[in-house]
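First, one chain by itself: the form predicted alone, in structure tokens.
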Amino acid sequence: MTDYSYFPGCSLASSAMEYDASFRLVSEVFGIGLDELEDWTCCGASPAPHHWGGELGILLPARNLHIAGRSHPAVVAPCAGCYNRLKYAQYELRRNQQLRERVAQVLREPVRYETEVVNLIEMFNREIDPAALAARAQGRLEEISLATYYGCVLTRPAEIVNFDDPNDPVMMEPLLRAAGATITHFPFKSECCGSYMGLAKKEIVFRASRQIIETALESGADAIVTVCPLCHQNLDLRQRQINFAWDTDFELPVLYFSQVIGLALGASPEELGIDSHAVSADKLLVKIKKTANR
């Protein structure tokens, strides 16, 4: 197996620690080495300096790329926002010599920026053999239907991130199917959940996230699967607020991709941090337990 530089980013080190825990657990089971970047900093996605223009939106992720370039040939960024910012910085550095020189001036040495940047889905597909996962899963997820939600920044802009189909991504599906799960037809898999608009105009997030949850339920899903901490926050943490605002009664669990793989491996909900989510996954977990005990 391969060793990767690991960039957790702000979310996995704070509000999405369950994502970090489940990612590390699955990686350890399959012998994937994770070498967390020393002295990493925010990639710029959270305060969104890239929206302001200027060099800060490149300098922040470029510094992390530079640190990653000291060790392994690839760096994994599980957070969709971090992945997007690292890919964008790399794209700009490759095509702009003046920018490279400016970053080198700030870093006080030539910037290392050619480290391969991969997301969690790419890494798992590369390092986990579906047959090996199926053998370990032993059909634990056979009664579970899942809506795979990629969000809008994991695959876009397509010419920069170059990952999957931007309108109909499918790369979560092989491993989830190998784990025994059924993948529902979910046409909202790459729609925006409202992103950061929840800070300024909650009604935009409520409307966008409501459509995603409602469509997932209509597809017959027992849960939504995502890889983005911000998407998870809008769909899970705000689900009760959406119910209040729209007089709905949604109770649809939202799990990280690594948590679902962890459940297939037999890891406990506590190990995977599922008990920290706002929407209870108890009904889903009962179905998985019944299948495992057959």
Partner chain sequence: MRIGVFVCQCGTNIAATVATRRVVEAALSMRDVFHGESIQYTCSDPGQRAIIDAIQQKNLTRVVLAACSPRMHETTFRRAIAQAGMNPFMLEMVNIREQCSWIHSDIDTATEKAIDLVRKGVARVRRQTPLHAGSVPVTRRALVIGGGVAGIQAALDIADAGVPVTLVEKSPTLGGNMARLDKTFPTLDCSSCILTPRMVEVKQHENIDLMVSSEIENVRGYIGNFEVDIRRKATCVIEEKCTGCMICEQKCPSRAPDDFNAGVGESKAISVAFPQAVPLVAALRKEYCRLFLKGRCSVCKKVCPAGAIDYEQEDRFVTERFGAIVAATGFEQFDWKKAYPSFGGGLYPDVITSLEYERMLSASGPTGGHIRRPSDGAEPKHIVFISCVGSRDESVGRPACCGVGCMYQAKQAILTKEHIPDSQSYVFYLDVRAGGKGYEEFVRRATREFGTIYVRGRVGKVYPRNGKLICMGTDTLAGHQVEVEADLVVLAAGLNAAGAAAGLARKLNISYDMYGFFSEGHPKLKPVETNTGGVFLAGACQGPKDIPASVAQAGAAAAKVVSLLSRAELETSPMVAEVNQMKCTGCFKCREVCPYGAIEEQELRGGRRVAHVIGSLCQGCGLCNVACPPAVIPLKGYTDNQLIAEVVEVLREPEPASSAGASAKAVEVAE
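Numbering follows the first chain given and starts at 1. Small disclaimer: the values here were computed from a predicted structure and weren't measured.
Missing here is the form predicted together with its partner chain; even so, the following discussion is about that form.
For the candidate set E122, E142, E116, E218, a heavy atom within 4.5 Å of its partner chain in the model of the complex is found for exactly one residue, namely E218. For the candidate set E101, D168, E203, E109, a heavy atom within 4.5 Å of its partner chain in the model of the complex is found for exactly one residue, namely D168. When contacts are judged by a 4.5 Å heavy atom cut-off, E173 does not count as touching its partner chain in the model of the complex. Residue contact with its partner chain in the model of the complex: E191 places a heavy atom within 4.5 Å of it. Taking non-hydrogen atoms only, E214 approaches its partner chain to within 4.5 angstroms in the model of the complex. For the chain shown alone, R126 is not a contact residue for its partner chain in the model of the complex, no non-hydrogen atom being within 4.5 angstroms. Only one of 89-97, 143-151, 204-212, 220-228 places residue heavy atoms within 4.5 angstroms of its partner chain in the model of the complex, namely 204-212. Taking its partner chain as positioned in the model of the complex, the residues of 172-190 that bring a heavy atom within 4.5 Å of it are, in sequence order, H185, P187, F188.
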